[in-house]
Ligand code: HEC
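Shown next as structure tokens: one chain only, the form predicted on its own.
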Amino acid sequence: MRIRFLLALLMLCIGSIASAQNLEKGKEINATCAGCHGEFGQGGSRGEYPRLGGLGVKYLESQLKAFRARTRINIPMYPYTQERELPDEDIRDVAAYLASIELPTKWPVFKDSDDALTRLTMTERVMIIPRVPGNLANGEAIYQKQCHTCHGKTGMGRGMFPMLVGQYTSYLKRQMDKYVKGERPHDEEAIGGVLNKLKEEDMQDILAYITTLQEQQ
């Protein structure tokens, strides 16, 4: 009972943070982002552009500011994140809007009264990441030992650390490689070497395991 109460309180706090921002303005700002990341923040091009919808507010804010400061290298993002284009208040608004988006992992059940546009919109919001090969038992063991502290037992993320479940596998692998090569700084320096200790097949097993977690959402 206590755990349920704490979870309910946490969700209430998150909702309060989102409601404090201007979600309508965030939606307007997202129209620019949608060119690459999709209207609902679902990403695109099979992971060339990552999913943003449903990611945590703190994570989204921190990454947009990291692009601006160029501590996270991504040349295409520079012009969009400069303060004259995206001041701090706009960052908070668009982050709150994107965090509020829910992308279901199951195909919708339509009503007879749903018109074609409604059905198309509902379908476009569905986010199902295909399973990838790997040793699920090994992936689960490594994930729950090395990754869950920051990213959560079910991959939903925590605070400054992003949700992994429901993200494009190709994008996650690309970011893992960047961390290993030192091309992207880890969000928490104290644990930045976790991936460097893993074998290539271990990382593949983790990715395979993460694709099974979306069914628990």
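The first residue of the shown sequence is 1; numbering continues from there. From a predicted model like this one, the values you see are computed outputs, not experimental measurements.
What comes next is about the form predicted in complex with heme C (HEC), which is not displayed.
Q: Counting non-hydrogen atoms within 4.5 angstroms of heme C (HEC) in the predicted bound form, say which of P130, P87, P133, P76 makes the cut.
A: Answer to the contact question: P76.
Q: Every residue in T32, L55 and L98 with a non-hydrogen atom within 4.5 Å of heme C (HEC) in the predicted bound form?
A: Yes: T32, L55 and L98 each sit within 4.5 Å of heme C (HEC) in the predicted bound form.
Q: Taking heme C (HEC) as it sits in the predicted bound form, is V180 in contact with it (heavy atom to heavy atom, 4.5 Å or less)?
A: Flag for V180 set to no.
Q: Whether A208 contacts heme C (HEC) in the predicted bound form should be assessed with a 4.5 Å heavy atom distance threshold; does it?
A: A208: no contact with heme C (HEC) in the predicted bound form.
Q: Even though the partner isn't displayed, in the predicted bound form is R184 close enough to heme C (HEC), meaning a heavy atom within 4.5 Å?
A: Yes, contact at 4.5 Å.
Q: Decide whether P50 counts as a contact residue for heme C (HEC) in the predicted bound form under a heavy atom distance cut-off of 4.5 Å.
A: P50: yes, in contact with heme C (HEC) in the predicted bound form.
Q: Does any residue in 154 to 171 get within 4.5 Å of heme C (HEC) in the predicted bound form, counting heavy atoms only, and if so which ones?
A: Stretch hits, in order: M160, F161, P162, L164, Q167, Y171.
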